[in-house]
Structure formats: C-alpha cells, structure tokens
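Only one chain comes next, encoded as structure tokens, the form predicted on its own.
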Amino acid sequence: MVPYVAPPTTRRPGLPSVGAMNSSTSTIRSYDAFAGPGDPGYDEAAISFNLAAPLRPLGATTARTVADVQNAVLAADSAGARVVPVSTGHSTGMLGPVADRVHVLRTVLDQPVRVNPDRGIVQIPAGARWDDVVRAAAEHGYAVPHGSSPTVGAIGYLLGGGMSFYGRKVGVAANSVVSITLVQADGGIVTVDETNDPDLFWALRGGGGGFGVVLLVELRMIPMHRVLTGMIAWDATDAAPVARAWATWAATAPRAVTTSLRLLNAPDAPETPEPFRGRQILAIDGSIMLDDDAPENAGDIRRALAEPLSSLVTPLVDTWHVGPVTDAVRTHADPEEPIPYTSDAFALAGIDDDTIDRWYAAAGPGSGSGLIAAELRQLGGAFAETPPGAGAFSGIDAELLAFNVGLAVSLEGTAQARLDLLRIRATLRPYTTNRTAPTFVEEPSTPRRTFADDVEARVDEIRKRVDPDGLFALDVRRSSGM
C-alpha cells in the first residue's frame, strides 16, 4: 500500500473545478491509494481484456470519483511510482515488459454519459463504453464515430485516434473531439481545446499517451437516426471471386460506405450459428451512412453492394438492413467478453486483385490458417485527410488496414497463431506501408509507426512540458520496428 495525505485540490485559473466536473465528489481524503497483489480491489483494477496477457502491476486501484483520481496521482508522485491509466482493459497488452513496474489507475467514474443536443455534443466520462455512448446519442437522434465493439472504452479509443465504420466520411474519430478534461501530474485539473492549450489538445488526440489521466471527453455527434448495416457471408471455399469483386467495388465506393472483408474460422461448437459452424467463411460487414430521416436511397446503395457479389456465389446469410444507429455497434460481432488472443495489424497501399489474391492465399482455404479472423478494413476517403484542427494522429494514407487475430489458449496454439500472423504479413509485404492505426496495435512486439519523426518529436516536447518528472512515462506508445 502507498499511503498519502493529499493537499487541497488544485485548479488552473478559469477552468472547471472538481465540483463542476462531478457534483458528488467529496473532498480529497487520506487513504491507501493503491492495492498490492492479493489485496482487496487489486484484481478489479488490474483488468485485461486479453486473457493471454494478464496484468500484474506493482499496485492497482479503481477511481470512481475525480477526487479518487487526484489522490491516486498525488500518492504515486509522492512515492516515486509510475502511473498507467486504464479503463476496460482492451489496451493493457501493450504494457508488456513494463507491466510489473507500474501502478495501474483504472478510471470508472460514477457519472452518466450526457448529451447536449443543442450543441450536438456528447460528454463522455472516463469508464464509459461505446454501447453507453451510442445509446445516449441515439435517444436524441444522433450517431457517434464509435468502435466496432460495444464494450471498448470510448475515451481510450478516441485518444488512440479511432477508426469507425463512419470514418470514410467523417475521418478519424479523434478529429471529432471538441475538448478533453484531465488530471495532470501535479493533481490539477485542466480542460484543453482549440483555444485553451491547443498544443496539448493536439498531442492528446493520437499522440500515444503519457500526458495525464483523462476524466472527460466532449465529442461532436453525427446527425443521423438510421443506418444501413449488417453482414453478408459466404463459404470461403468458393468465395475468392467475391473477395476480388469487393476490392474492385471498395476502391471507388462512396465515402458514406465503410466496410470490412474478413476470413473467419468459425468453431464447430453449439454456440456458433448453424450456417457458420465448423466452416471458414468470407464475410463483408460495415455501415453505410444515410441522410437523416431519408432512408429511401438505402435500397439502391444496398443493391450496389450486395447484388454483384451475390450473383457470383450464393451467400450463407445476409443481414444488411436499415435500422437504428444502435444496430451498427454490434455489426462486426466482436467478442464482448475477455478472450485469450494474439494479433497483428498493418496498413496496405494496394487494393487490387493481386492484394486480395495474396491475402486469400495466406489466410484462406488451403493456407492452414487457424486464425479466428483475418481482416481487411476499407480505408481511403476522409481517413486519409487532415482537416483543420486535427490531432497528432489525424488520419492514415492507405487503402486497407489488415488486422489479424488468433486464439492463444495454449503454448502450441499461440505459436501456431503467431506463425499464421507472420505468414500473412510476409505475403502482403509488397503492399505494406510504414504506418499503423494505434487502436489496432495491441502487442508491444507489433511493428508500429503512427506519424512522422517530426510529429513524434513535437509530441515528446509537449509530454515533457506537462509531465517533467515522467509520472506517466510508462504509458507512452512509441514507434517501434518500422
């Protein structure tokens, strides 16, 4: 345990007080900030979504109020410890070699998601998951640039950039962030935006962490009640022509369309839907943005997507439909409960028959791949653009993003999955770029580069300014291996 008696709350002039952030926050108090292994509360705080990468830090605590966050930060600083903020545990595998040298601060604030429909803004407290945010926004006729999993923490996703199924039209999700409120290394609260410390606001959006503990994000919403979303799937044995047709279509698809092409190895288990059970399938899923309250063009868009593909090979299932925007958050069918896995991610410059043929040969029928998913995410459009006021990670100039995942339930299974990952990367090497999307990189061994060296240098300068003693230094995701 690390006991600490905190000084009175600090506040930057002209910025929100702790009370303004959370009216139920009590005065900062003396308490044992971090639990050690075996202590009550340790396991609750030291969570990891990836069961193959369990988190065993030096200490851990769950903060449910702003004062809890400040206490933990000041306690760690007083003890010379290093703090890493987490929320839902989806990115904790990146801690890797430093996991046993940090104190984990899990932020799950007892605050609701709040929507201001007049401003078109949603306020997201630390700990909120995308499912919470999507539902809150939808009640007011809005969508948000959410992730493909409903259980991912919204704030961590936004700080990493965020590649949503609306991204080809609205861009990287971090570019829709309006303001960020955080606790800094001295325990003070600061809100940053385009006018208040714009450099820090820029660096926080995709800069790689190490700036403080984020309490609240304000996000610009998308006026949209309904969406065209779903999945169409084929037995992969005969579907190679479908994959090539998708690539041709995707290269010139409207910006309102963002889709994913995946090879999925479905387990032969009772819980697997009957059409997929024990098969490798090729699936296309995603979302097509519709004009607000005007879904009459959905039929034309859907036919342009599905009919040419279905005419090649009869699909096993087709769930594409016009529905409420809340449907889109589960379209990708990502696991909602923790699983053991290993993964790899990289961007690709090509989107042509040769790219697809290489991918199919490396991950499809006859390849020997046992991966649960080999994915090509459609990029281009606004993903490749840098709008005014963008963050450090403003976009990615690539046509596709490869994201491959294998189960890691045993040493033998993990080794085989990693061989599959390496084979796919090697096969597609002629088309790989030197960039990655931060939210898809989940292991420290994955080669990664988010931005150019000069951008990384600027981010480092800002990080040193706001955290000169390196309290959050082990929370930094740096470029590696590219």
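The numbering used is simple: start at 1 and walk along the sequence shown. None of the values given here were measured: they were computed from a predicted structure.
Heads up, the form predicted together with a small molecule isn't pictured, but that's what we're talking about next.
Visitor: Using a 4.5 Å heavy atom cut-off, which stretch among 222 to 230, 247 to 255, 150 to 158, 263 to 271 contacts the small molecule in the predicted complex?
Guide: Of the options given, it is 150 to 158.
Visitor: Within 4.5 Å, heavy atoms only: does Asp334 come near the small molecule in the predicted complex?
Guide: Answer yes; at least one heavy atom of Asp334 falls within 4.5 Å of the small molecule in the predicted complex.
Visitor: Is there a non-hydrogen atom of Leu348 within 4.5 angstroms of a non-hydrogen atom of the small molecule in the predicted complex?
Guide: Outside the cut-off, so no.
Visitor: Find out whether any non-hydrogen atom of Phe451 is located within 4.5 angstroms of the small molecule in the predicted complex, and reply yes or no.
Guide: No, Phe451 stays farther than 4.5 Å from the small molecule in the predicted complex.
Visitor: Using 4.5 Å between non-hydrogen atoms, is Gly89 touching the small molecule in the predicted complex?
Guide: Within the cut-off, so yes.
Visitor: Establish, in the predicted complex, whether Thr107, Val213 and Asp475 all lie within 4.5 Å of the small molecule, using non-hydrogen atoms for the distance.
Guide: Yes, each of Thr107, Val213 and Asp475 comes within 4.5 Å of the small molecule in the predicted complex.
Visitor: Looking at Ala283, Val84, Ala363, Val122, which is the one with a non-hydrogen atom within 4.5 Å of the small molecule in the predicted complex?
Guide: Checking each option against the small molecule in the predicted complex, the one that comes within 4.5 Å is Val84.
Visitor: Counting any non-hydrogen atom inside 4.5 Å, which residue from Arg205, Arg377, Arg168, His103 sits next to the small molecule in the predicted complex?
Guide: Flagged contact: Arg377.
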